[in-house]
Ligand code: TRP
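The chain below stands alone and is given as structure tokens, in the form predicted alone.
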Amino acid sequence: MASSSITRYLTGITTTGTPHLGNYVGSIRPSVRFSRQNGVQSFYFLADYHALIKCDEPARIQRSTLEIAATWLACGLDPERVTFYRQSDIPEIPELTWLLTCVSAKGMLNRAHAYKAAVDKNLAKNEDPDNDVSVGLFMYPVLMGADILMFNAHKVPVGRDQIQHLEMARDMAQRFNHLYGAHFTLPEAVVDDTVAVLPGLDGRKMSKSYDNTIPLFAPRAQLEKLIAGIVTDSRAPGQPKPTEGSALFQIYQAFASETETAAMRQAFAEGIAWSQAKQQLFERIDREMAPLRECYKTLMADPAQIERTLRAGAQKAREQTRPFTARLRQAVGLRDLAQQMTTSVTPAPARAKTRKSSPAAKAGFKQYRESDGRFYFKLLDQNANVLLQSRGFSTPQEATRVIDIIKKGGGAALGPLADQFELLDATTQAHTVDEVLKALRSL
């Protein structure tokens, strides 16, 4: 298992579609800023294997890969400072996917949100549960686990809908470590609720599925036209306008400074005309995007240079993935036969004892969803024994809220929240509160 004082962050971008302003505000801009910090090692990859699950148009995947790579580079991602690569250029990732497949429980994958949603959709139509469900969709969490564990990432920035995949990656890592020794770091999800979720032209979340997006590098004239089409209410010039719930104001706030935002808020209160507010929004966005747009156009005009950048990133990535995969192959028994001839085979009981004495995983919380549709969490000790088992919650946010209270409050939080969980281990025998507190202190 890799060890370093540097914190490793990993971010994947699926190569389907063209980036829009929502992607920029919610992911690209904050990620690029973060990559410039000291004390972090950042990995950014174009998830083109994942794209095959969603898209069967080769030209679209190729075009999207080019556009997304150019977008990240135009927005300031420095390939000299980070490891920026294309997933399909790392052959060790599909190999690790298979190794993880062999230690992953099918029952765990049955609970994956995307697979369950597809099954539920089929059942609602009285069709076979697995109708049109590909093995790729079913195995998506394992491939994602390989992406993360290959680089022993400590932190993975995700939305709340992706937390389950991080928990599955941790499960795979724990199982592999238990069987073959401590090779994998247990990754943690990083959910930043302060990152803006940008509304689209119709006020709903900006999303390609709603057809309400503003392309990130739309030409100036197109950008102005799209912003003019943002849905507003019928309040006339001179009438005060609320900022709450206003898509126009929220988009402006995502680009403006605090001073600019305060000025726009005052203008709303004084009854600024919608046409004038839209013009100010257009000018503010264009001021930030114009230089990036020009850089993007230059990059798109030279696909060969982007290809060279990605291949250089893959070479840098493989300096880590090749030796690590060799160690994993050795660990599971995929070994040189000549070498094995001169190496004594450890008897099975001794191997079991060695595995048991290998470094244990850290204590931690695990969140998951059961077949009843409710959300649960467990607190595991360093030997994967269950110390706390929650009751069912109607939303993952409720479960997360209780976890946060326990983490912050420690032992003081156990009493007031006693109705939210049980003190159990794997055999349903009660643990002492001291054991639970010890695990909490180790988080």
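Numbering starts at 1 and runs along the sequence shown. As the structure is a computational prediction, the values presented were derived from the model and not from experiment.
FYI, the form predicted together with this ligand isn't displayed, but the following is about it.
A.B. asks: Taking T243, K278 and L281 as the candidate spot, are all three within 4.5 angstroms of this ligand in the model of the complex by heavy atoms?
C.D. replies: Spot residues vs this ligand: no contact at all.
A.B. asks: Have a look at 384-392, 399-407, 59-67, 45-53 and name the one stretch with heavy atoms inside 4.5 Å of this ligand in the model of the complex.
C.D. replies: Partner-contacting stretch among the options: 45-53.
A.B. asks: How about A74 - does it come within 4.5 Å of this ligand in the model of the complex, if we only consider non-hydrogen atoms?
C.D. replies: A74: no, not in contact with this ligand in the model of the complex.
A.B. asks: Taking the shortest heavy atom distance, is Y180 within 4.5 Å of this ligand in the model of the complex?
C.D. replies: Contact check for Y180: no, nothing within 4.5 Å of this ligand in the model of the complex.
A.B. asks: Is V158 close enough to touch this ligand in the model of the complex, meaning at least one heavy atom pair within 4.5 Å?
C.D. replies: Judged by the heavy-atom cut-off of 4.5 Å, V158 is in contact with this ligand in the model of the complex.
A.B. asks: Spell out, yes or no, whether the shortest heavy atom distance between Y140 and this ligand in the model of the complex is within 4.5 Å.
C.D. replies: Within the cut-off, so yes.
A.B. asks: Taking 4.5 Å between heavy atoms as the contact cutoff, choose which of Q330, Q250, Q162, N131 touches this ligand in the model of the complex.
C.D. replies: Looking at Q330, Q250, Q162, N131 one by one, just Q162 meets the 4.5 Å heavy-atom criterion.
A.B. asks: Quick one: from M144, L96, I227, A173, grab the residue that has a heavy atom within 4.5 Å of this ligand in the model of the complex.
C.D. replies: Checking each option against this ligand in the model of the complex, the one that comes within 4.5 Å is M144.
A.B. asks: Select from 10-41 the residues with a non-hydrogen atom within 4.5 Å of this ligand in the model of the complex and write them out in sequence order.
C.D. replies: L10, T11, G12, T14, in sequence order.
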